[in-house]
Ligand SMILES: C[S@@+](CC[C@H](N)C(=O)[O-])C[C@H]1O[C@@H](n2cnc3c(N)ncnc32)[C@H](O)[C@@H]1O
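What follows is a single chain, given as structure tokens, in the form predicted on its own.
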């Protein structure tokens, strides 16, 4: 199932423009897609790569590791530096460790097991970039904790914020998702109107919010 909010032919064309020069990473992506794992969309990854290089990021905090694809992707996109990534599922935590070792990035990526609501408070250091891709009802909590950890001029990226278009249109909202949709709408209003931030919501993948800390 394609969870992108754009039309398929647009996504296919945009993705055809993205050069994948790491065969090992390409094979890992295909493996994850075959298993229907929720990894970052190709066009979202390309944008993150652009931001990492624009910021010359040396430190990244990620909420939501899954099997480690995005943390591996971001680590490979940096010239040097560290990624600290948080995962609450022990199953995915163990699989992420194996995948990170396979790419030889054990010294570059630190995986922390536990609920990010609590684990974020134990992370030391400051970061150039934060990537939020976990429990959507807690995006505001994750965001506020990340703000305190960011270096001046840092950026916070929040993935899947348009949630299959439901955030933009009541007609698309599924009844069991009403609370999640309300929380995400409140979150987007918060990061878009607070004077401490400059936020742009982009129709990439399933929606990506890009927030610059003033």
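Residue numbers count along the first chain shown, from 1. Here the structure is a predicted model, which is why all the values come from computation and not from measurement.
As for the form predicted together with this ligand, it is not shown, yet the points below apply to it.
With the partner omitted here, the residue from 135, 76, 141, 123 that has a non-hydrogen atom within 4.5 angstroms of this ligand in the model of the complex is 135. Taking a 4.5 Å heavy atom cutoff to this ligand in the model of the complex, the contact residue among 40, 184, 146, 52 is 40.
Only one segment in the set 164-172, 60-68, 185-193, 146-154 has any non-hydrogen atom within 4.5 angstroms of this ligand in the model of the complex, and it is 60-68. For residue 83, no non-hydrogen atom is located within 4.5 Å of this ligand in the model of the complex, even though that partner is not displayed. Using a 4.5 Å cutoff between non-hydrogen atoms, residue 115 counts as a contact of this ligand in the model of the complex. Residue 127 falls outside the set of residues with a heavy atom inside 4.5 Å of this ligand in the model of the complex. Looking at residue 103, you'd find every heavy atom of it more than 4.5 angstroms from this ligand in the model of the complex.
Shown here without this ligand, the chain has 86, 87, 88, 89, 92 in 81-97 lying with a heavy atom within 4.5 Å of that partner in the model of the complex.
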